Ligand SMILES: Cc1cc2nc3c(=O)[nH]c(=O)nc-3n(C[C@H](O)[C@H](O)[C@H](O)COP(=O)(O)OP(=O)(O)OC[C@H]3O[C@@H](n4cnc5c(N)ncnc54)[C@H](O)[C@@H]3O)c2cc1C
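Next up: just one chain, as structure tokens, the form predicted on its own.
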Amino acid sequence: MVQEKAIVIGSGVAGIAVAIRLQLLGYAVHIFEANHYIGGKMSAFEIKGFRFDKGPSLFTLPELVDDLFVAADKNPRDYFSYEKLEKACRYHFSDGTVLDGFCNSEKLAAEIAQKTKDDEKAVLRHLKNCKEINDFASPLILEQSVEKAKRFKKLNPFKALKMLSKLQLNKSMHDVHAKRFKDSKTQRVFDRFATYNGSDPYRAPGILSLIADLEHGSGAYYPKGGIYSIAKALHKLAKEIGVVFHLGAAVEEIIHESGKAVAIKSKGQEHQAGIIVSNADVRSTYQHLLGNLPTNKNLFKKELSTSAMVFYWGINRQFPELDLHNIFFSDDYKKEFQELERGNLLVDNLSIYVNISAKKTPSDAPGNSENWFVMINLPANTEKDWRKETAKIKKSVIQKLENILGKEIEQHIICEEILDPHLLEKNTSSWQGALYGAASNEMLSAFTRHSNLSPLENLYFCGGSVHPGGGIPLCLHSAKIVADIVANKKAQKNA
């Protein structure tokens, strides 16, 4: 029996994951990737003996990765392994306060009580609430298609009101945290989870508070060998079960006839398929691959998530006061997000994220050195001259880090690479350099992300720019949602 062909556009983690699931459903799957490497945003590179994970750096819910190997009757530990972190992040404030974000509710509560004006009970109550929201909302919203999730809005008014209160949809994240905590430091620690999908805690709905449960409830993890080991492991599994990869093969067009996607064009050649899944940014897919299809106008009206500038620095000394994940908070967090909303860059009041994988994988840097992944949030905009802005941004970042750490940084930078919104769009097809597609700054954002379905029969979307959202766990959920839709349609067809 001839296998029906399926094509996946893009080899991001969601693209490889959906390819594995479709291959296991009996399709002959081909992945077309524009770059000469796999992984999309989850990629890696080396300069002068320093190795860097280029994109995502935080790993939660490892069981979602394990599930792909289990589905293929493989032992996940034969492909990759990970360890649970004691601390999800170390938080640095300009007054010298250093707060450890333990992956344990009691330890975190004690740490916050010791270093802020808030008590342990307030923190534990909040984390318990985050877990309740996560346990309730994940199956309802994150683990099924948006079409099914929309049923929430059709519930009777009394049940809907009860759920609305539980999910905090009518309040911003910051409003929730400001009511529960006295200290602005505590508020910032929990507000910053909005940035996990490029959103603004002062406008994003309170439901996003559930993200805190992923780190401080379920736990944060480190994949041995770095984040890119996840992409490499999935790539190995996909090839073993028969998925074919075409690297350096950009897709130029999705060909459709009579309301049905039938083929893609790459390098001038047509490749027919019964199923096509785009793991590329949904806006880029409409604009560049479906140019002769009426555009979803509401999609392009939606506010974009933030973008970023990343400095990859080889540092010729070690900083024992830094952990694997570090946040250096701005003093005026609200103003930072107000400026981002306006499309401005507030150079003198920014928050900085520093990831140092050499803390866990010493071979990622030469002896007595460290590899710094230094990121700040920027507005999604590729029309700005970011190259011109880079020098100002770098100066501000270095000054802030030196002021808080009380040590010189610049003289220890011996090599550097820089990623800006222009390069993000160029290398990953991220519309305007937005990291996560649409922002989640509206009350019903969870229900209004672009569906995994498309206007065309046989064409589907997965990845961070569509339902349920950005980040490794949600991208893996999107892959499973698409595979489940395809499996259900296949079963109905064969019934």
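We number the residues from 1 along the sequence you see. Please read all numbers here as calculations on a predicted model, not as lab measurements.
This next part talks about the form predicted together with the named molecule, which is not shown.
- Note on the partner interface in the predicted bound form: the residue among V347, I418, M375, A263 having a heavy atom within 4.5 angstroms of the named molecule is M375.
- In the predicted bound form, at least one heavy atom of A249 sits within 4.5 Å of the named molecule.
- When contacts are judged by a 4.5 Å heavy atom cut-off, V176 does not count as touching the named molecule in the predicted bound form.
- For Y436, a non-hydrogen atom is located within 4.5 Å of the named molecule in the predicted bound form, even though that partner is not displayed.
- A residue is said to contact a partner when one of its heavy atoms sits within 4.5 Å of a partner heavy atom; K54 meets this definition for the named molecule in the predicted bound form.
- Heavy atoms within 4.5 Å of the named molecule in the predicted bound form are found in exactly one of 426 to 434, 64 to 72, 44 to 52, 450 to 458, that being 426 to 434.
- Annotation: in the predicted bound form, residues I9, V13 and E33 each come within 4.5 Å of the named molecule through at least one heavy atom.
- Taking the named molecule as positioned in the predicted bound form, none of the residues of 107 to 124 brings a heavy atom within 4.5 Å of it.
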